[in-house]
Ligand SMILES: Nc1ncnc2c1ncn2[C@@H]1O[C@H](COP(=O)(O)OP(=O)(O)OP(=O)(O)O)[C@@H](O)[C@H]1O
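Take a look at this single chain, the form predicted on its own, given in structure tokens.
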């Protein structure tokens, strides 16, 4: 199987009137189809910048980004981007919020609407599609946001700390929800997080970045042999392998 995404020797610096600030240095990794990759690192190390480069919002100073073997700039593949805030509009119903991306792309076809209705029903929002976002819990709002992103049928989903605004209990519940949804949809996902435990619980791999300028300290494959097919983010946290992964990543972060 070939990578769906390849990042090759990417460097990026922010340029201001005061000079140049290196953000990322010599970043290289591959992402396989259907995988869930997490990126951790100190604050300011360039995690969100890396997602912006992958999405095409920024262009690397050096290096290349390939999607299915072609330069990202020439790729017709769709990339979905889910930010820290759900950005649901209060003056629109949940259903209208979920359709917003399709409306923006002028692709709100009957088939797409049917897909949206199916996802709302499947993921517990079918009875809430005509209410306003303020009537939803934090977890339900995040489910609405992920459905809005998935309605565009992206090939790669970028998640920039989407659970950071939630309280701890809701965060655990929503991470299980999002993990299940992405696995059922067989989506390739990249999650940026400050939370080591969250990265281990959700990821197939964890990429550990250094302090700025961020470079890759280590890429760690995550395997929970004790869970086999029963893995969820919540169950992963109590697995016997979990503490070893935590200590391994912590060691890389503080070196």
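None of these values were measured; they are calculated from a predicted model. Positions refer to the first chain, counted from 1.
FYI, the form predicted together with this ligand isn't displayed, but the following is about it.
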property: Any non-hydrogen atom of residue 45 within 4.5 angstroms of this ligand in the predicted complex; result: yes
property: Close approach of residue 236 to this ligand in the predicted complex, 4.5 Å, heavy atom; result: no
property: Residue 155 within 4.5 Å of this ligand in the predicted complex, heavy atoms; result: no
property: Residue 161 within 4.5 Å of this ligand in the predicted complex, heavy atoms; result: yes
property: Partner-proximal stretch of 217-225, 48-56, 65-73, 29-37 relative to this ligand in the predicted complex, 4.5 angstroms, heavy atom; result: 48-56
property: Sequence-ordered list of residues in 1-34 near this ligand in the predicted complex, where near means a heavy atom within 4.5 Å; result: 14, 16, 21, 23
